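Below sits a lone chain in structure tokens, taken as the form predicted alone.
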Amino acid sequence: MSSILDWKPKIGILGGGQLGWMMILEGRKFPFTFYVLENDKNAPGCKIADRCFSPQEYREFVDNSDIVTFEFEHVYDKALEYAEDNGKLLPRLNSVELKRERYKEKLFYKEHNLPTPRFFVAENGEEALKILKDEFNNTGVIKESKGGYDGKGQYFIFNDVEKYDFLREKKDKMVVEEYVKFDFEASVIIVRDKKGVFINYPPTYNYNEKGILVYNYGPYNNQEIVNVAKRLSEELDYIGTMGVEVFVVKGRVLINEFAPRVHNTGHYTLDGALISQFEQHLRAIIGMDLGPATVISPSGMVNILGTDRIPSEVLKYGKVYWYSKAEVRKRRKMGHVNVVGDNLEDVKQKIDKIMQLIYPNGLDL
């Protein structure tokens, strides 16, 4: 019988932000070596990696790694492609390519009969505004195809189209989408390994504001969300942890977007689950057996956004993860607070207390 200690892989992580930081922290229980490719040597991941490589050293970084993964998909294209060419990149590049331009992701859903809001692809801003008028009666969402995340490059238009006349100057592709009057937003964290073994954590309720996650909690037991995410992972022949965000409309599930990596809505698994999403990701990409996605208790998470003022009273209600980023900026994720409780109501009450303590004057996003 083989031992989990037989192989001591060198794992390369593209990006040194908080997701890479948590991946390394969770991986330290195993005899793994971690390398990070990151421009900022003071980034959270670089502070605890065995070695931090500069972007210019991407070939050396890949050559010295047994497996290469990423904590963020919009990062270091040359390194991603070099790792893919050398058979070391997991998840594979096909999932990243869908995220490089939003319209490719939306077309993938359509071509594979995965439920998503009604949309059209526009060649430029001028055409996007015309589609919005002709197809959606000037009420909908226009999204820039490149680079949008955490609500960036997204324009919610409700018959006030004249305010968005500046979009006519944009020459790149855009996605024009119906505005979905959803009952609530939810997500699921799934993991799939090299053998096609699939596991999922229970879905969670999410609260987003201006396109950025503020808090989430669960479990929210909805098998349809799991089924849709499973189909997506199979169509991509995906390996690793993935976050899938959805709208729930009168029981119907529509994919908003997926993230081919460990995900903000899965941070609660660090304390609410037997094995975290980060450890499961490492297990999947190096070929270890996946563990159970067992949630020990109802749990949730509050993002610390754009502030470093965390009253000590917060510690009465949850566990703080501080990312030690050098600069506080508006909307920037500076840390998060994990919450566990006896039941969902207990978790929600603790989240409310934490929100009041961290944001006494309300969110400023």
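All figures in this text were calculated on a predicted structure; none of them were measured in a lab. Throughout, we count residues from 1 along the sequence that is shown.
Here the subject shifts to the form predicted in complex with another copy of the chain, a form of this protein not shown in this document.
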Scan P292, G196, G147, G87 and let me know which has any heavy atom within 4.5 Å of another copy of the chain in the model of the complex. P292
Here the chain appears without its partner; judged in the model of the complex, the stretch of 65 to 73, 294 to 302, 52 to 60, 35 to 43 with heavy atoms within 4.5 Å of another copy of the chain is 294 to 302
Using a 4.5 Å heavy atom cut-off, are I48, K319 and L357 all in contact with another copy of the chain in the model of the complex? yes
Non-hydrogen atom contact E177 with another copy of the chain in the model of the complex at 4.5 angstroms: no
Wondering, does K29 line up within 4.5 Å of another copy of the chain in the model of the complex on heavy atoms? yes
Residue-level contact is defined here as any heavy atom of the residue lying within 4.5 Å of another copy of the chain in the model of the complex; does L274 satisfy this criterion? yes
Just checking whether R283 would be counted as a contact of another copy of the chain in the model of the complex - the rule being heavy atoms within 4.5 angstroms. yes
If we check another copy of the chain in the model of the complex, which of the residues in 122 to 139 reach within 4.5 angstroms of it by a non-hydrogen atom? none
